[in-house]
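Listed next as structure tokens: two forms of one protein chain, kept apart as structure 1 and structure 2.
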Structure 1
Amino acid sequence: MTEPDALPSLWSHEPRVQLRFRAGVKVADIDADATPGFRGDKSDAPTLQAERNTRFAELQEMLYANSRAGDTRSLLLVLQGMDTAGKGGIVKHVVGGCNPQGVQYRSFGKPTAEELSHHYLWRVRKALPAAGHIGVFDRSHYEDVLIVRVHNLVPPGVWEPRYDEINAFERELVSAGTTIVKVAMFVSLDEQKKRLAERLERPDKYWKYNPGDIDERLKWPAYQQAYQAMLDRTSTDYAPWHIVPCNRKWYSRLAITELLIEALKGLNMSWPPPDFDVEAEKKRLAAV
């Protein structure tokens, strides 16, 4: 059994290092079939995923327990990717493995009329994780420099300053005690087409199909440009982007689990000490 705080031997490098976006990386060159840093294969995934989910759940509970003792830190997982990249699978198979009491999930779709009447970060601030919680953004504030840009929903003079605004916003969060794990999930157009076709063949998947996904595929060159700008402009030392290839769902789930574990380990937590006399309470309990 691997020691709980040791990197599993099937990884050649820590995913937070291996997958971190570096200047010069081109979105057009990302191999969505790749499994960077992982020495194993699909057959290794079920056992390793179960083991690492257990470790993740322990660290998440430790984060929550410390908040009960006054620790104000939190963690925010940002999942950004095209449809079928597997964001929902990460929420279900990775984040779903820990205590839901300490998780705050939010999916950012088309803004409501009320949300549009406010600054674009207004709805995001309302969804930030409380102390001791893990927040999960399925899509995020980055929609306002992705879909808004691709669909020309506002002029360039409006969305262009948002890169710097988002950087300042995230710096504020980090300074206040929120660790941000940003994951850019990339699926190839061929794999996306296969996944969309599966949704059309299975009645239990119809609800996941959106006819608009076909239109979005036609805009992939524009999305590549938008994702490139997002990575180039908003991957910072305090909130870097991590690029996760997602054609192989087992790999993306393992990689993102490890990113979360590494982030939580970086908080250097321990279980909070009791604020009562343990031996005295044992005696009181034995007496009743």
Structure 2
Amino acid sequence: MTEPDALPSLWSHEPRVQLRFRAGVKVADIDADATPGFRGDKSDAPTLQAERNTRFAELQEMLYANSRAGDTRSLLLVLQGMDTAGKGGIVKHVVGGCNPQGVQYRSFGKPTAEELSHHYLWRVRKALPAAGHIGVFDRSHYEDVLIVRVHNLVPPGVWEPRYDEINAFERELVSAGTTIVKVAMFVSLDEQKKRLAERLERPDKYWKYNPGDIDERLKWPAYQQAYQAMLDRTSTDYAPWHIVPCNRKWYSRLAITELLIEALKGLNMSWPPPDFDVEAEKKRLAAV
């Protein structure tokens, strides 16, 4: 450990507590501009982000090291959010801070014909992180109760039971040693408009723009309803949702980094003991 394990003093409250979804919270009331629990401002972000990326990377290496010694635990980050909420930025700037060796990234777009021919959790199960790895879901099985519900891709009789199925699925993962960090990222309609407009101004951003994003934007109220149901019905003790306001990218990145650090610290890891006789190996090495 090269760093003390305390929460940085710029945080007044632990993000895992402060941002945890609580029954009764209404999606329509979420202030995407807010910076809950943080007493600093944007000028504090670059230095703090770099420091915390280093801490995150250390813990990730320890998780990986333990898996080599037989520990089967893993971590799964689930990112859900509307277009432009900043999921890609989290992958690049937060997850990107740790060793690619221990990361399994998967984006869940429109299902392929093969995926559609299976149960909706089939492609999700295939992408689960191996022991010692951090899995990153850029969108996830929650698409099957979000876009699927909003666009009526299947009838209510099909998506309705999925909330319970997802809870059972996640309980199974947690029992098997996967810590799940679920993050719902919220950007305001105004901020989304600015971000989409920026993509239309810059030729190096055109590829991120999809005319369908505007169609989704028009369905905002239906999405709010679907997000509300998701939070109300799938935020469990073993896999709670966290609400992250994302109008300020620097804040959402800091907050999600802390959520990951806190989850890894919760595993109470130390470096694995050697499975060989250290002194005997030193002698062997000296001789060759």
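Numbering runs along the sequence of structure 1, starting at 1. All values derive from a computational prediction rather than experimental measurement. Definition used throughout: the rigid core is the maximal C-alpha set that superposes within 1.5 Å between two forms.
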Of the two forms shown alone, the one predicted on its own: 1
Does A23 move appreciably between structures 1 and 2, meaning a CA displacement of 2 Å or more on the superposed rigid core? no
C-alpha positional change at E281 between structures 1 and 2 - rigid core reference, Å: 2.8
